[in-house]
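Only one chain is shown below, in structure tokens, and it's the form predicted on its own.
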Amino acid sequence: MKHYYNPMSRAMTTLWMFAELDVEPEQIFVDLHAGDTATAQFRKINPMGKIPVLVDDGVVITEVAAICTYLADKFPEKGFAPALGSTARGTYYRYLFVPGTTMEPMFTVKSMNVGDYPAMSAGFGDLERCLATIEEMTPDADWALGAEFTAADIVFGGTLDFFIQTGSLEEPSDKQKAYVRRLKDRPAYQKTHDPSWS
């Protein structure tokens, strides 16, 4: 497996996933400042010119949630995903996909001061509904699926952590802060994250 990454990017989440799994791929550092993602060679791998990218046996996987989902299923013995066919997969998928389809677009629109837009036509709705969804999904205790830590916590929790740290989520609730604190206490998180962001 080849993992194209830069720790100052969304690849922080996939680095964390690998650390939790205790799996070491071939790590390929992508220098964003040098324009590595704009080269023809890299665009052939990912036309979006984005990282992270995972290449496994010739198969290219992009997008944080897709990579983490793929890895959890590739190493089922590690226990980072509910069993295939389990009804828990529905909740699990929701936690994996809400960050990329709702949280990121919403906070991007917020940062751009877009103003009024037809929220009913936007898949991510509006800020009020996005914030309510984040609060509802944040677990009161333990993890997204209960006692077992899964890839859902890495993707959803990692995204929540990022938006709290950057100030995009301006007034995180006590529940959200406590959940992120639990994430930060994990050894794999500490191994892969800049301590100045703790």
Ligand SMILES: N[C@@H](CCC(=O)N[C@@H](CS)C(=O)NCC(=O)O)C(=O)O
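From a predicted model like this one, the values you see are computed outputs, not experimental measurements. Numbering starts at 1 and runs along the sequence shown.
Unshown form predicted together with the named molecule; subsequent notes refer to it.
**Q** Would you classify Thr37 as touching the named molecule in the predicted bound form, given a 4.5 Å non-hydrogen atom cut-off?
**A** Heavy-atom contact with the named molecule at 4.5 Å: present for Thr37.
**Q** Considering only heavy atoms, tell me if Pro52 and the named molecule come within 4.5 Å of each other in the predicted bound form.
**A** Yes.
**Q** Is Val64 close enough to the named molecule in the predicted bound form to count, meaning some heavy atom within 4.5 Å?
**A** Taking the distances in the predicted bound form, the answer for Val64 is yes, it comes within 4.5 Å of the named molecule.
**Q** Is there any non-hydrogen atom of Leu32 lying within 4.5 Å of the named molecule in the predicted bound form?
**A** Close contact exists here: in the predicted bound form, Leu32 approaches the named molecule to within 4.5 Å, heavy atoms only.
**Q** Where, among 184-192, 5-13, 21-29, 170-178, do residues come within 4.5 Å of the named molecule in the predicted bound form by heavy atom distance?
**A** Comparing against the named molecule in the predicted bound form, the contact stretch is 5-13.
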